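Quick heads-up: it's one chain on its own, the form predicted on its own, in structure tokens.
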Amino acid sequence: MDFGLVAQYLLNGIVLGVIYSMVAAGFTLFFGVLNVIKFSHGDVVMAGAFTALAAFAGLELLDAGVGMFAALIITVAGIVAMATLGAVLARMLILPLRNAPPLNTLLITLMFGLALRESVRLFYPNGSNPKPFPQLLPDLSMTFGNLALRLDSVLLIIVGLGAIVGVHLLIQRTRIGLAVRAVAQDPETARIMGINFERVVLLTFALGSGLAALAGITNGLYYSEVNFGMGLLLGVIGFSAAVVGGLGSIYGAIIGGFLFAGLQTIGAVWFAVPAYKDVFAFGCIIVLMAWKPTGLLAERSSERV
């Protein structure tokens, strides 16, 4: 057994697990607070990456589009833009439908995601073709046999895990997090206690959408490419990870994200054709959900729509 090659696959799986966990955490936040499934979430991942790409083009015009500083600027731009979009979506579309049948919310978010995706394809310059994403992180690497330990991969893992831990600490250790948990547990009682329900919902959607943007930018920096359809697969994987981990549980979202990435890594090693890794991963998730329909760490039972 080539342990260097196994370690390389493991490192790649960790990066993917971080990306999937960030997407899954967004689904968990939306469901936990407002009991809705936001099916435009994957397209927000894509839009965050393209917003960062547009910000980089602006930095190039200012002759400042290089290095870690540029990476920080475009990441902040993508996160702020998608957080704002998430709050606007919650205010204009989600909150007015909170008493409507769940299918209405599912459908309107699905249509919003389609409109967002097609808008990028039609209005972003040459948006229908894959776009190269700038390589702004240090390209240093250390080689140990077949293991190439890239500094940019390590940085992406640290930033992604830091974001997930930061969201967890925000929810568990702050007054804002206490308000979010109160609304998630009993919205009516939270209102009586003086918690601003709408503000908490807007904050939650902004937080989840900001995480989605970070996931999209991380994906772009890792693969050095983005395309207008990237959110389709990332959205499905993120939702699957959230469900298999237990929709409503942040811990479950993290476990589900790394589980899915692990299954893809095993599939890539097992089969001679790497394209089969998604088939293998989704097949295992189907079997797992048939065995444990409520997820591994279910805190709330999802409503059938």
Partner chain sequence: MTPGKRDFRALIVAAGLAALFVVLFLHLEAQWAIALLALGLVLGLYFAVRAGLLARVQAAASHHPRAAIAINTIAGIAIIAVLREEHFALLMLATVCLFVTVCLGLTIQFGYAGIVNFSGIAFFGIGAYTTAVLTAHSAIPHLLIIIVSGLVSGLIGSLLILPMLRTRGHYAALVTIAFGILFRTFLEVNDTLGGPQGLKVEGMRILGWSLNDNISLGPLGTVSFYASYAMLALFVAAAAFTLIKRLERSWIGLNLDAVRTDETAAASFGIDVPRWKIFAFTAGNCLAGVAGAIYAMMSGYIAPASFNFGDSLLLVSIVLLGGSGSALGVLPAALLVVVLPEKLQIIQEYRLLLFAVLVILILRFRPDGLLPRTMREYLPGWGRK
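Numbering follows the first chain given and starts at 1. Heads up, when I say rigid core I mean the largest set of C-alphas that superpose within 1.5 Å between the two forms. Worth saying up front: this structure is predicted, and the values here are computed from it rather than measured.
One more form of this protein should be noted, the form predicted together with its partner chain, which is absent from this view; the next part is about it.
Checking 160-168, 72-80, 209-217, 114-122 against its partner chain in the predicted bound form, the stretch whose residues place heavy atoms within 4.5 Å of it is 114-122. None of Ile254, Val243, Val33, Ala47 but one reaches within 4.5 angstroms of its partner chain in the predicted bound form through a heavy atom, and that residue is Val243. Looking at its partner chain in the predicted bound form, residues Ala54, Ala57 and Phe258 place no heavy atom within 4.5 Å of it.
With a 4.5 Å cutoff on heavy atoms, Leu107 counts as touching its partner chain in the predicted bound form.
Within this chain, Met68 is remote from the site of its partner chain in the predicted bound form, having no heavy atom within 4.5 Å. Though the partner is left out of this view, Leu29 does not reach within 4.5 Å of its partner chain in the predicted bound form, counting heavy atoms only. For Leu93, a non-hydrogen atom is located within 4.5 Å of its partner chain in the predicted bound form, even though that partner is not displayed. Annotation for Val279: C-alpha shift of 2 angstroms or more between the shown form and the other one, rigid core superposed.
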